[in-house]
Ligand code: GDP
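Presented as structure tokens, the chain that follows is alone, the form predicted alone.
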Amino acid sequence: MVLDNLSTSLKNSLKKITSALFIDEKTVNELVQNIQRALLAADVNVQLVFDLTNKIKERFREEKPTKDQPKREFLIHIVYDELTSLLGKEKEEIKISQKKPFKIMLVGLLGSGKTTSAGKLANYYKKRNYKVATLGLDTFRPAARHQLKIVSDQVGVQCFINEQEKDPVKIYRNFENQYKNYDILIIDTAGRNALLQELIDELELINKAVQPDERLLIIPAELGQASRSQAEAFHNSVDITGIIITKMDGTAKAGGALSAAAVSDAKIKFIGVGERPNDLETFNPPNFVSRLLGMGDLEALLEKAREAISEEKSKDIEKRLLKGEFNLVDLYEQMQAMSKMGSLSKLLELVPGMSQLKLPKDVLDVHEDKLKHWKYSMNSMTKKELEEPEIIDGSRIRRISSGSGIPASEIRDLLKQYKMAKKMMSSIKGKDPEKLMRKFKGRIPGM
């Protein structure tokens, strides 16, 4: 997961608290020392770390738990509060206005991930029913505009580029009469190896011509504590309104970028958590801290679910399940939705308590491979077999195996999974959905 080492250290520290017989000053001091080591290892600023841990000790001494609140829960709540304050307290959302187009300009140094972030951002807003286009104004890096065209095509949005023109302002004006056809225009700009005067002058010219509604600074997570000075320098140049931290999944040092950026004038709006177009998340400090501490992030999980399957389709499946109707087509659609939501390992960290299970990576990989194999075998089935799996006998299994290249044993596993799922669905046939949901929520901590 993102900041896996930090998360593991923090969870282990809190685990000692939950298993302690007494919560006294010695216990608190040990917890504080463990938190300090974990945060410093994640490259969080030294002064911020000591400020945070001093507040934890001070609040535990001066504040009192409620009548029904055990001391250990009170202490964990203080840790959660202070970590959340360190990372920005609350979510800072971009409010898209009715003006067409709403312009979002991306700035940053060379190699920070601007072009990839442009594609992810376009995908994010497209899924929220906005008509999105991208614009390539990076005339410094070879093939930058071609790369933007590729990532835009991947997510299915219009891309405006002119690979012959060297003046970014002229490129912007070339297509100016077409922008009004889009709700959002995402603008990719050039970077340099450092914030040189040449780059500052170019960005100021673009900023004046484009007059963007949002100016987002792209910072790679491995930059660490240096992100604060970079944020301040870009802010002085083009008055940045927000930050996207990229490559969060590729470094253990992302704590520096998170904490340093959060205390600058511009707040973190998004984090990049992988290489796929879907691997962009809104940054919500309370939920992010909850995930770090192993408490899950149900809001992010539900958001991924909404993106993966339409509300209309979801209601249709719900009606069929409550009637006890369930076949391989339903199972197939659920599997497709799961694959759109991301890897099993990333989904499990969003479920309260599941990240604590420490499932081996090879086990999760096997599950993901099995889901792919099951989809391949279903593609080799007839419509009747998908709708009435009970008719699939030994000869049909051999035919499906031959057509899909999937071993017969895995197809039998799929049918076994289907029978188990159908049995479960039959048990809820005709039940009140609201009562079932209340029962379901009662089994999940935090819901």
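If you're wondering where the values come from, they're calculated on a predicted model, not measured in any experiment. Just count from 1 along the sequence shown to find any residue number.
The form predicted together with the ligand exists for this protein as well; it is not shown, and the discussion that follows is about that form.
Run the contact test on L109, T115 and K120 with a 4.5 Å heavy atom cut-off to the ligand in the predicted bound form and return yes or no. So, yes: the whole triplet contacts the ligand.
Using a 4.5 Å heavy atom cut-off, state whether P286 contacts the ligand in the predicted bound form. Although the ligand is absent here, P286 would stay clear of it in the predicted bound form, with no heavy atoms inside 4.5 Å.
Answer with yes or no whether R141 is in contact with the ligand in the predicted bound form, where contact means some heavy atom within 4.5 Å. Although the ligand is absent here, R141 would touch it in the predicted bound form, with heavy atoms inside 4.5 Å.
Can you work out whether V273 and the ligand are in contact in the predicted bound form, taking contact to mean some heavy atom pair no more than 4.5 Å apart? Heavy-atom contact with the ligand at 4.5 Å: present for V273.
Can any non-hydrogen atom of T134 be found within 4.5 angstroms of the ligand in the predicted bound form? Looking in the predicted bound form, residue contacts with the ligand do not include T134, since no heavy atom lies within 4.5 Å.
Listed residue that, although the ligand is not shown, lies within 4.5 Å of it in the predicted bound form (heavy atoms), from E165, D249, D183, E82: Looking at E165, D249, D183, E82 one by one, just D249 meets the 4.5 Å heavy-atom criterion.
Listed residue that, although the ligand is not shown, lies within 4.5 Å of it in the predicted bound form (heavy atoms), from N278, Q158, Q147, N174: Looking at the other structure, the residue within range turns out to be Q147.
Which of these stretches, 206 to 214, 87 to 95, 241 to 249, 225 to 233, has heavy atoms within 4.5 Å of the ligand in the predicted bound form? In the other structure, the partner sits against 241 to 249.
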